[in-house]
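In the block that follows, a single chain appears as structure tokens, in the form predicted on its own.
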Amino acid sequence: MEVFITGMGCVTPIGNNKHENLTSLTESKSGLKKPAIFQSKYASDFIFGEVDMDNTALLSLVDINGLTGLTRTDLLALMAFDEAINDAGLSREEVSSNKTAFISASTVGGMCLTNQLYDDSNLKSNTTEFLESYSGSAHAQQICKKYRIKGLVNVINTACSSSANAIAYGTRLIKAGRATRAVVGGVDSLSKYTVNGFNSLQILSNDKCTPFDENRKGLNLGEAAGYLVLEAANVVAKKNCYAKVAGYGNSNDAFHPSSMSDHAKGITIAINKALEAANISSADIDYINAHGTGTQNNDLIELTGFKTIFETIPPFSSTKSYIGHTLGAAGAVEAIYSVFSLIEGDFYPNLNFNTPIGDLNVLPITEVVHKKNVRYVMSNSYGFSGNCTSLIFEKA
């Protein structure tokens, strides 16, 4: 059973919808800066990817339909979800059908309300509006309430590969006949909890991140939401199809809580599984939207994996240089960016790159590349504890 992408929606630091995101990518417009909305003692120390709307502005753009206790995570998710299903032309009846699955992802969830969570858990507050809003699945529960979703629902947290795994899982459900369509993706918002955690690992950068650069200093945390509508070939009919989900592969090298195997074992397994599922060779990949966080371990090991698998490494770049590392949303947003490459025939540059890493001497693309006849694009997402996922999209 072939699975097609018929709708997409995203809100990120470079755009409040997919059209704005595409324009920013094409114009090499970065959304990385000191935050204006997020409040933390580290706000002035590091660079972040912040969605350029406060919660009041988000509320004005989202039909909350009587929902209460909405966190920033919930609002971003609702905004991107609404765009995706509208883009696919789904009716409310189709969204709520028991044949429609909803697979989401998040690592932060409602922990964006760190202070409120602390006060509530320590009985220092009488506020009850957010008591059910702190879990990683709260955003999905809010969406289910709004649309009365009755199909299979799941929320995945495999760290930075979370929403890539949501895409793979939704595809598997359709191929197995468990669903005829699936809305898949993920969301995360900036949170003191995660900022403090990443700071303790000493991998946050006080400059704009420089993926795959010898002098990379670390990552920029970002926030975003991205959702895609997947539909089985037999229900697509005459709909516009952006791309086909050609293959996916997942592995776990179980090497270290926050680092990947020096030999890129998990990465190579995930990529080879995706190639096998797509029934293509490594030479067929036209472009790779790399994981590329800008951290010492990740970038070196990802390039090691590329050199192991590809006789000639295809053009690649990290679009985290535009929006930062959006954690649970990264896989879905970067999948959408990969589909843009298929549709437009454009590869978007790895911003801020200057010097290749050591003896590897492997360079990402640094300018927009216009290439006709793009057929296969790979999107990589690698998470803490070695959970590695590669997705392959084919031109529809």
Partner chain sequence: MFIKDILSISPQDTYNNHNYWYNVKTYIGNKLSCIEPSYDGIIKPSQLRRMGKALRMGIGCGLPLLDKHGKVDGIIIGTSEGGLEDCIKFLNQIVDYDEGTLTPTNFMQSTPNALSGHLALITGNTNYNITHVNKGLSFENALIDAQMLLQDGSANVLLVGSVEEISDYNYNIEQSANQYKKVECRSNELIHSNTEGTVCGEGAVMFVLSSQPENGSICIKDVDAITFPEESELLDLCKNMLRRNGIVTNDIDGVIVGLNGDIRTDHWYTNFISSLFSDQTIYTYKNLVGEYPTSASFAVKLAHDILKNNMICPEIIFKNSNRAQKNILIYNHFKGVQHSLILISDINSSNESL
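Since the model is a prediction, treat every value here as computed from it, not as a measurement. Numbering follows the first chain given and starts at 1.
Another form, the form predicted in complex with the partner chain, is not on view; read the next lines as being about it.
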property	result
Contact test, all of D286, T293 and S321, partner the partner chain in the predicted complex, heavy atom 4.5 Å	no
Options 73 to 81, 233 to 241, 309 to 317, 195 to 203; stretch whose heavy atom lies within 4.5 Å of the partner chain in the predicted complex	195 to 203
The partner chain contact in the predicted complex: S28, any heavy atom under 4.5 Å	no
Non-hydrogen atom contact K41 with the partner chain in the predicted complex at 4.5 angstroms	yes
Any non-hydrogen atom of S385 within 4.5 angstroms of the partner chain in the predicted complex	yes
4.5 angstroms heavy atom contact with the partner chain in the predicted complex for I156	yes
In the predicted complex, the residue from D213, D253, E94, D87 that sits within 4.5 Å of the partner chain by heavy atoms	D253
The unique member of T180, T304, S137, T268 whose heavy atoms fall within 4.5 Å of the partner chain in the predicted complex	S137
Residues of 116 to 133 having any heavy atom within 4.5 Å of the partner chain in the predicted complex, listed in sequence order	L117, Y118, D120, S121, N122, L123, T128, L131, E132
